[in-house]
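The chain below stands alone and is given in structure tokens; this is the form predicted alone.
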């Protein structure tokens, strides 16, 4: 474990140093390139703020309106019939929208049910096997000016659905159900 700690501590500084030395050897103006990249990064950060605000407002409205709870009560019987814990569904719904909201939900599920419970394990695997599809599309596509993202959205949500199903199947096979 000591070796891993040393590697993780030194990896980034060594990588940055290597890039600077390599750029200097190749006669690239490294400092000027760094400053130019920083300027571009700030422009991108400012340009994505409206997209982030819009997405965060939509998430807040969805949760505060009670729509999530209403939806959960509606599908609870079907979920219980197939052995999917209803507590995990809000995480599966929020994960493609917001990584930080999903992480908060995962933390809550683990705090309530325990890290070694079926729900705790399922929440952890689900967190790692899906992505923040709407966040990626909103922020990154918005930053570069792509407005038509229909196919990317379909593929991203399909990948999330497959990740959710795979998480349920794998956790059930490895750890058993509830």
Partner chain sequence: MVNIIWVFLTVIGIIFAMVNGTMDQVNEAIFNGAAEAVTLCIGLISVLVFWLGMMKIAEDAGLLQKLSLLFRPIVKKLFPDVPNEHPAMGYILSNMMANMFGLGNAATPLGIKAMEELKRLNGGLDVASRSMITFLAINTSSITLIPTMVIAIRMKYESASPTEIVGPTLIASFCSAIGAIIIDRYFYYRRKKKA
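Quantities reported herein were computed from a predicted structural model and do not represent experimental measurements. Residue numbers count along the first chain shown, from 1. Definition used throughout: the rigid core is the maximal C-alpha set that superposes within 1.5 Å between two forms.
There is also a form predicted together with its partner chain; it is not shown, and the following applies to it.
Mapping the unseen interface onto this chain, residue 2 falls outside it, with no heavy atom inside 4.5 Å of its partner chain in the model of the complex. Its partner chain in the model of the complex comes within 4.5 Å of a heavy atom belonging to residue 103. In the model of the complex, at least one heavy atom of residue 97 sits within 4.5 Å of a heavy atom of its partner chain. Residues of 39 to 63 lying near its partner chain in the model of the complex, listed in sequence order, are 40, 41, 42, 44, 45, 48, 49, 52, 53, 54, 55, 56, 57, 58, 59, 60, 61, 62, the criterion being any heavy atom within 4.5 Å.
Residue 114 shows a C-alpha shift below 2 Å between the shown form and the other one [criterion: core-superposed Cα displacement of 2 Å]. Put the two forms on the same core and the Cα of residue 169 is off by less than 2 Å between the shown form and the other one. With the core held fixed between the shown form and the other one, residue 134 has its Cα displaced by under 2 Å. Legend note: Cα of residue 69 to Cα of residue 133 is at least 3 Å farther in the model of the complex than in the depicted form.
Between residue 110 and residue 8, the Cα distance is smaller in the model of the complex than in this structure, by no less than 3 angstroms.
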